[in-house]
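Form predicted on its own, single chain, as C-alpha cells, below.
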Amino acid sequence: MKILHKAVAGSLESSDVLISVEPADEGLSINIESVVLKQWGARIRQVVEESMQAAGVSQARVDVRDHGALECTLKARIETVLLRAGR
C-alpha cells in the first residue's frame, strides 16, 4: 500500500490515541508520544511496525499520540488511518 496523502484517526481523549500518517521519501519514521511510554512504548512501536508491514507500507511518517489506549484501539486507529491515507 502506498500512502498518498496525510490522514488522521483517533482523538486526544483519555484512553484513546491520535495517529497521523503522511507520505515519506524513504523508510518508515515512527514518532511516539505516550503517557505510558516507559511501560508500553516498545509494544506500541511493535504494533505500529507490524501493522505497517502487514499493510505493505514501507515509506511513511507516522505520529502516535497515545493517552492510554488499549492495544485493540491502537490497531483500529492504525487500520482507519491507513484506509484514509490510501484513498
Partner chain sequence: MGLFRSQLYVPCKGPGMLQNCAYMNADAVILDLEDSIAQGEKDAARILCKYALQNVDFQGVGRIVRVNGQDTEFYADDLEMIIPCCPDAIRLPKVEDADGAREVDERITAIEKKAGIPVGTVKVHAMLETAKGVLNAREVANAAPGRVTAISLGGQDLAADMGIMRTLEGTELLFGRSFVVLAARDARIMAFDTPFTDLDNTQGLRDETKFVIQLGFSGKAAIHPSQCKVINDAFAPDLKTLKKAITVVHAAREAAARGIGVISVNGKMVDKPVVEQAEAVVARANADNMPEVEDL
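The shown structure was predicted, so the numbers you read here are calculated from the model rather than taken from an experiment. Positions refer to the first chain, counted from 1.
There is another form of this protein, the form predicted in complex with the partner chain, and it is not shown here; the text below is about that form.
Student: Honest question, do 72, 76 and 83 all end up within 4.5 Å of the partner chain in the predicted complex by heavy atom distance?
Tutor: Yes: each residue has a heavy atom within 4.5 Å of the partner.
Student: Can you tell me if residue 22 lies within 4.5 angstroms of the partner chain in the predicted complex, counting non-hydrogen atoms only?
Tutor: Outside the cut-off, so no.
Student: Since only the chain is shown here, I'm wondering whether residue 16 would be in contact with the partner chain in the predicted complex (any heavy atom pair within 4.5 Å).
Tutor: Contact check for residue 16: yes, within 4.5 Å of the partner chain in the predicted complex.
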